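Here we start with a single chain on its own, the form predicted on its own, put down as structure tokens.
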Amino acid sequence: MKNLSRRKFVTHVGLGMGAAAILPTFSSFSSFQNKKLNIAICGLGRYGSLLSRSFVDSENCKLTGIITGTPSKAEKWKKEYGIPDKNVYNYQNFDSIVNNKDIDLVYVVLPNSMHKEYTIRAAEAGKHVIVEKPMALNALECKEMIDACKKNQVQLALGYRLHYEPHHQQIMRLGQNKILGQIRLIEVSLGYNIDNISPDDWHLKKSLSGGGPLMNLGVYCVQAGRYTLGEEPISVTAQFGPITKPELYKEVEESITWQMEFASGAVCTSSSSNRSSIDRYYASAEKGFIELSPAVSYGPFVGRTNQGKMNFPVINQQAAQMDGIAKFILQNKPLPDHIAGIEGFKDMKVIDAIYQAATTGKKVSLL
């Protein structure tokens, strides 16, 4: 994937359609050229490795520490990223990070069941936190995480990279401002045909993951429906898909489809699956449509509306996300709700209801 620097990105976007929605996210970066937010990654798995490579394109974030339970990974990362011994932690001595002035923020990239514990421990050590999606196993855990960060006067952010991606910022602008009129129907789905998943993969263990593809992939679809409209759903219905590999899907769903209803009359229908490849977004409005495919994966995204193609550049989504969060923390300003812990809570409240609806076969109210 081709990555553009933040400066080149703004130049390429220019002042065309959607620029007004995009540029504020990246404004004021020039005043932070010499400031860095020092970040420790907690969990050095696949996505942690992807994040580590994104620091190259970050203007305001620096990788200064790691937390891992695997000594061999610690040695590899120390050499590759020049991390000193004093900034390397394991899960037993993690709390001593409170004394480390070289780390401002802990980025939690662990199995879902560990998000609450390490967010709270980081907060109690006086460190800001970014936690990967989904925020926790359920909405109640999210509330505990939010309360802990508030109590310890640190900020809690969610790793929602698409809030910083130009195609999705354009979706927000068009939908929330009703540029194409009221949006009536949204269809957004994400799924992969995962044939080589190991029976020991933590995503298949409900105690670790909280659920299957709804938790791992569907959270993006819940997000897209909500931020397209700028509304919260008032009710949900849902259906589990068939289990085609019972030897793997003993504890979590293999696929799921759900419907979110909104007070404006809009309906968002979504599916997430580990057995079907789909990555698509479509919204029908009174005066037009919005379409993306690929849509909510890592891209590169391809989009159009009834007014023509979306001509936005490919960016490093993780770098843009980290810099967008760092901008507020470096200025000692509160994070806006849409990238703060409350956003993760809202998503998990919907996901809890989706599982309830699929289990009971009944519509679940969110009011």
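Counting begins at 1, following the sequence as shown. Being a predicted model, the structure only gives us computed values, none of them experimental.
Omitted from view is the form predicted in complex with ligand NAD, to which the following refers.
Contact annotation for the candidate site: Lys143, Phe328 and Ile342 all lie away from ligand NAD in the predicted bound form (no heavy atom within 4.5 Å). Figure note: of the listed segments 39-47, 301-309, 56-64, 329-337, the one touching ligand NAD in the predicted bound form, with heavy atoms no more than 4.5 Å away, is 39-47. Within this chain, Glu132 lines the site of ligand NAD in the predicted bound form, having a heavy atom no more than 4.5 Å away. Ligand NAD is not drawn, but in the predicted bound form it has no heavy atom within 4.5 Å of Asn87. Although the partner is absent here, Pro294 sits far enough away that none of its heavy atoms falls within 4.5 Å of ligand NAD in the predicted bound form.
Interface membership of Gly159, defined by any non-hydrogen atom within 4.5 Å of ligand NAD in the predicted bound form, is confirmed. This chain appears without its partner; in the predicted bound form, the one residue of Leu137, Ala238, Ile290, Val109 with a heavy atom within 4.5 Å of ligand NAD is Val109. The single contact residue among Tyr220, Tyr164, Trp258, Tyr281, judged by any heavy atom lying within 4.5 Å of ligand NAD in the predicted bound form, is Tyr220. The partner is not shown here, and in the predicted bound form the stretch 329-356 never reaches within 4.5 angstroms of ligand NAD through any heavy atom.
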